[in-house]
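One chain is shown next in structure tokens, namely the form predicted alone.
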Amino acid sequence: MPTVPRLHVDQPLTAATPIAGSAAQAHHLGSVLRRSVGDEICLFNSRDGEWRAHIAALRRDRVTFALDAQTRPPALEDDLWLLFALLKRDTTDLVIEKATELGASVLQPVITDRTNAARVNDARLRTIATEAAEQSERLTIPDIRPPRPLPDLLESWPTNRPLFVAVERANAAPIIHSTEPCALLVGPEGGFTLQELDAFRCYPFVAAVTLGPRILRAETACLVGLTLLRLGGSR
């Protein structure tokens, strides 16, 4: 049996209202997946949960869906933020995709002293996150925020949210499992500068942590850190 496509839509999902999909969704369903009128799909968003639906009309650049029944109601998901020093394009794409699959609710690129990039393609990253949410069966799309300099973030940080900073080659405590709202910060290739490490000590909401005995690439550290925070600390 073929897999039922799962699509995110921004419109309100109510059984009495036809749902218009995007031109990209129409192309994907018709030209890539070879679906046709009457075929089953799933639609979802954070407000209305997930619904079983079917294709009511399909052309090359437009598609309409009809809702059949709600399969999952809206639900709270992890309040877990990932802050990461901005990486090269392909690596940033990977972090966005995998962090979405792991349940991060906010993705915040950071500009540090050793960051080698300064810009992102917002639409591209949003598309990557949306496709990852569709694939991983989560109900929400993470909030992808514009890059910000590290000092600005620290000065405006919500002090009731712990910020775990992954620091390599340091006598730091292992990262621990947490179900509370929190955030993880991963630095650039080459690590944080001494000035940045000194700055962290000025903020009581910052806790330096280790991800284990090995030196990880930045993208690996992002994914390991998220996993440990939600599934259990390192040993």
Ligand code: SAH
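Quantities reported herein were computed from a predicted structural model and do not represent experimental measurements. One-based numbering along the sequence shown.
The form predicted in complex with the named molecule exists for this protein as well; it is not shown, and the discussion that follows is about that form.
None of 204 to 212, 38 to 46, 66 to 74, 22 to 30 except one has non-hydrogen atoms within 4.5 angstroms of the named molecule in the predicted bound form; the exception is 204 to 212.
Within this chain, G190 lines the site of the named molecule in the predicted bound form, having a heavy atom no more than 4.5 Å away.
The named molecule is not drawn, but in the predicted bound form it has a heavy atom within 4.5 Å of A218. For C182, no non-hydrogen atom is located within 4.5 Å of the named molecule in the predicted bound form, even though that partner is not displayed. Within 4.5 Å of any heavy atom of the named molecule in the predicted bound form lies no heavy atom of R34.
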